[in-house]
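Just one chain follows, in the form predicted alone, and it is written as structure tokens.
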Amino acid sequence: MRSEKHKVLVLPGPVEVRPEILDAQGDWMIGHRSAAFAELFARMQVKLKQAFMTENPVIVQGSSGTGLWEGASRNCIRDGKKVLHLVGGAFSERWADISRVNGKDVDVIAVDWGKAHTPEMVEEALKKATYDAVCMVHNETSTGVTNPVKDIAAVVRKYDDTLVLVDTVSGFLGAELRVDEWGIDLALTSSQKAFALPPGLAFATLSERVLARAAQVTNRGYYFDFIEIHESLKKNNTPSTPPVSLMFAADRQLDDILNGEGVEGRWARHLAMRDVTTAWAAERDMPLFSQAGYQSPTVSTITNSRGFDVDAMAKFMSGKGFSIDKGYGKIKGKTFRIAHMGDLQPSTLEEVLGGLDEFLASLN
């Protein structure tokens, strides 16, 4: 039942979290240097590898995904070397900014918001300059674009000394991602998107190439020093105090995903909800903002072609028991976003779309 105290989150993060997952946080606290914690960490490691489809270690951090942007930039780019950022939305822009403020020499391939990057663009750039890493966003949350990470990574892997670094914050467990098969060195994500957990946890896969590179970097920082984090990981622990309650929740959610619909089943559900949303928007003459062929399985950014007041829309939907997004950054109001990610079910999405239809009808 919905109430004034609880609006169902139809946001691209934080998303709605199931009561069972919220309850899992209430387990009795354990010491993070205890055998019980090591057991928790070890079993999470096994399941996280399955979820990322990797044999590489997966670090678990108490932070947002932003922290691991900084960790990736600091650990994977050597002094005097360059990094190539693929920029086409608010979050890919921000990661490039983080590399800059950490003193890195940054080149960008910029595309208009709503457009995707292509392997050909990256191939051309790599022929002209040498880079320590190529940084790309799998699923650009602001624009609803899913970039062709598999094909871009295949191009980058032709260059032996160039790492493939991928932000999959709003992609992981919602959009197809095969870390090892696609040759991804580092894939980072956070808990509050398609993973459907409360905010506060971040995760990243670390290839042997990443660890070898980090060992060559003098100033890796402190909190996100991948070498130190990996040394602790080998002992099923973390260098600093982890958010144990959130890890309880993540452990339960991984069980439910892997023993339930499975990772590929989860991808399929997200695609089906994307297609329902795309069809709904097209039928109402409000096309998706994102480029055809690259539309996200987890969040649809819809063009506000009718020019309605997105604040009024959000207020109307709040009255229906839903918290809905009003667009992001420079396209806020010109677009709005429908997040169909996490544990959201098609039946709830239909309720959301029905509520939006009522709002649109009220404008006439």
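For every residue, the number given is its place in the sequence shown, counted from 1. Quantities reported herein were computed from a predicted structural model and do not represent experimental measurements.
What follows is about the form predicted together with a small molecule, which we do not show.
Stretch 185 to 193 is the answer when you ask which of 119 to 127, 245 to 253, 212 to 220, 185 to 193 has residues with heavy atoms within 4.5 Å of the small molecule in the model of the complex. Among the residues Q45, S323, T303, T66, the one placing a heavy atom within 4.5 Å of the small molecule in the model of the complex is T66. Listed residues L165, V169, L197, V149 were compared with the small molecule in the model of the complex; V169 is the one with a heavy atom within 4.5 Å. By the criterion of a heavy atom within 4.5 Å, F91 is counted among the residues contacting the small molecule in the model of the complex.
None of the heavy atoms of A72 is located within 4.5 Å of the small molecule in the model of the complex. None of the heavy atoms of C76 is located within 4.5 Å of the small molecule in the model of the complex. The shortest heavy atom separation between C135 and the small molecule in the model of the complex exceeds 4.5 Å.
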